[in-house]
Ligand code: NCD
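Before any questions on how it binds or moves, here is one chain, the form predicted on its own, in structure tokens.
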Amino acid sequence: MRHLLSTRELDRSAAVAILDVAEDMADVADREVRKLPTLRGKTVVNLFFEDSTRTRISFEAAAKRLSADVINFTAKGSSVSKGESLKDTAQTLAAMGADAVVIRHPSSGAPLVLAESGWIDAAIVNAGDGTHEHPTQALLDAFTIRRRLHGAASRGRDLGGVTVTIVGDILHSRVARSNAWLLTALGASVHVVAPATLLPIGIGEWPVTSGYDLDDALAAGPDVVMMLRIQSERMKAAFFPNAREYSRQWGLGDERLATLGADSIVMHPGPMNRGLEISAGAADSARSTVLEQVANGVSVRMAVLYLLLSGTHQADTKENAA
């Protein structure tokens, strides 16, 4: 694996391999010394053209736990805000000796451009590009689902037979896109629910089923309900009447939470709009995996950086503990 740009490039075996390495990385977090020397001498650059404290800190923690040097580069207050191009920025990072660039960009396709441009000889990780994809978020979601469902027996397993319902702003969600392809590759069945105005044109080409009625979708008894944030910053028009109406029809409130099966789980990629797409009761319930997703994100991003910068998983991480 040279880059991680999209979940569409991952088949079942590749996805399971990443999740299995993430299991090893999660074990590291339980040690007294939560660090491996694996990427000592490597430089990872977090190149963020969009604000995202959660994702940036997660990648930074992942790189540091692997003993890599980390450079955080944000567009605000930098030469980018003065008009520097992506090409100039990439060449600057190349001159610094970057081994991996984690890029978040408002334009869909920016990570692909960086990977194929020849401007920099570094591994490129897509940390979210426009409304396109967010592959490490989908991987951490799959990792969380697998752990919740299979526990200690997770290694080597896919998500065959698991049913997942993704609810909300599908149109603007790179998380929904990445999850649609990754979860399907892992054997899960994915159903998306949203107002008609928030389902993208071409949804029929996705490997999912779709609908508009959340109550009907929940009545089918999904194993996983993934609520998405309403991305008002990307909305230039009225996609639904008002927040109260949206919450009434497509929000996961306490009453809807009570209808879920005993073993079903509730997910949210964050940040959450409490009271809009999800109630405080649902977000803080025992079914919720929100905090687990945050913790698992570090393990999954450690696995991705490890595989990109160290090749295949040849060494046992337990033997590499510092």
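Note that the structure is predicted; figures quoted are calculated from it, not measured. All residue numbers refer to positions in the sequence shown, first residue = 1.
Not pictured, yet referred to below: the form predicted in complex with ligand NCD.
K.L.:
Taking ligand NCD in the predicted bound form, would Arg54, Arg104 and Arg229 all count as contacting it (heavy atom within 4.5 Å)?
P.N.:
All of them do, each having a heavy atom within 4.5 Å of the partner.
K.L.:
Looking at Gln137, Asn126, Thr165, Thr89 here, can you tell me which has any non-hydrogen atom within 4.5 angstroms of ligand NCD in the predicted bound form?
P.N.:
None of the other options qualify; the answer is Gln137.
K.L.:
Heavy atom within 4.5 Å of ligand NCD in the predicted bound form: which of Gly270, Pro37, Gly281, Gly261?
P.N.:
Residue within 4.5 Å of the partner: Gly270.
K.L.:
Considering ligand NCD in the predicted bound form, find the one stretch among 129 to 137, 201 to 209, 143 to 151, 248 to 256 with heavy atoms no farther than 4.5 Å from it.
P.N.:
Answer to the contact question: 129 to 137.
K.L.:
Taking any heavy atom pair closer than or equal to 4.5 Å as contact, tell me whether His191 reaches ligand NCD in the predicted bound form.
P.N.:
Contact check for His191: no, nothing within 4.5 Å of ligand NCD in the predicted bound form.
K.L.:
Would Arg177 sit within 4.5 Å of ligand NCD in the predicted bound form, counting heavy atoms only?
P.N.:
Arg177: no, not in contact with ligand NCD in the predicted bound form.
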